[in-house]
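Presented below, as structure tokens, is a lone chain in the form predicted on its own.
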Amino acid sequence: MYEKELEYPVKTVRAGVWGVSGYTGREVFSLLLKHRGVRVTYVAANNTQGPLPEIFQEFLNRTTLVCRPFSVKKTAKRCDVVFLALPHTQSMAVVPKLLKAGLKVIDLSADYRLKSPEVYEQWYGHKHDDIRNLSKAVYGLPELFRQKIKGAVFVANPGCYPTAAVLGLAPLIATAKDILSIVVDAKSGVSGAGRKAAVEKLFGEVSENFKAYKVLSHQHAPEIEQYCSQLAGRETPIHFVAHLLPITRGILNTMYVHLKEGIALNQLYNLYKKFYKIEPFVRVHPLGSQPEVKSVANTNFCDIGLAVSPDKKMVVITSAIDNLVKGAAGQAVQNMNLMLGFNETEGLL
């Protein structure tokens, strides 16, 4: 009976989480605890060790796992799939070893998202040391690359800003041939910067404050451009500006697309509804309604709102996600579900 309800074999998959002491790693672990087909068998972090309930009290009486330093050998022995929630530039040193050991790997860093090693070095200030696997990594945005993900052994999980931006822009970019310009005005909660000490993240700096940062120079800009250009079938420049919100989690993107010929609002709405008709985690809002951060917090949903100027030439698209879930850990679990043959929504609804 249980096997029938699961709709997939009752074989338990063993999962490991590297970087479990960070916000994203913690979120991955928390989601996996709710997954009926997965048992977390290994957790690791290089800067934080000890019983997981002592690191995060929310796991008290929920796990007895102890966080230890990274070990490829132990991971290969205990796991079938591993999630890498490591700082940028660190994954490329271990991915080849994990893949060689026969593990399926989901990398949540930026190390394998950009297909050009030169572009990666330009934006992340580090030479790419694993070009071989860079070309093999499947970009883990299920709504666009589901079939490739199903057959993948190695997935590069998208960034949070790119997830919200590409999902918001995809239907229009894939069909419109007369786009003159695209501006992505993005706002994120503080957790997007990771769990590390920094003056600009102190409560006294963030509270009652709102600011732009890395204006037109954010490292997520080339990732957004890469996949928007792929959708459009031609080079598609994106003008991207990020802002820091005085909240813990959540992203709200407002995207301005200037068209040469224009499009009617009803036509735009029907385009988006058709494009995302079968997607379990994309919700297109009714006309006149706009997404809010609080409506997607702690969920794997991406909510999208639409508006068009009176002359029909300025399209405004809003998209909202939880940066730690759909923008990171939830999408990683969604990718794992596809890679391992689980129901895509398992552990996420």
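Just so we're clear, the structure is a prediction, and the values are computed from it rather than from any experiment. Each residue number is its position in the shown sequence, starting from 1.
One more form of this protein, predicted together with a small molecule, exists but is not displayed; see below.
- Proximity to the small molecule in the model of the complex, defined as a heavy atom within 4.5 Å, singles out one entry of G125, P237, G102, P87, which is P87.
- G194 is the sole member of P246, P96, G194, G262 with a non-hydrogen atom lying within 4.5 angstroms of the small molecule in the model of the complex.
- Residue contact check for S319: none of its heavy atoms lie within 4.5 Å of the small molecule in the model of the complex.
- For the chain shown alone, T64 is not a contact residue for the small molecule in the model of the complex, no non-hydrogen atom being within 4.5 angstroms.
- When contacts are judged by a 4.5 Å heavy atom cut-off, K187 does not count as touching the small molecule in the model of the complex.
- G25 belongs to the set of residues with a heavy atom inside 4.5 Å of the small molecule in the model of the complex.
- Figure note: of the listed segments 33-41, 319-327, 277-285, 300-308, the one touching the small molecule in the model of the complex, with heavy atoms no more than 4.5 Å away, is 319-327.
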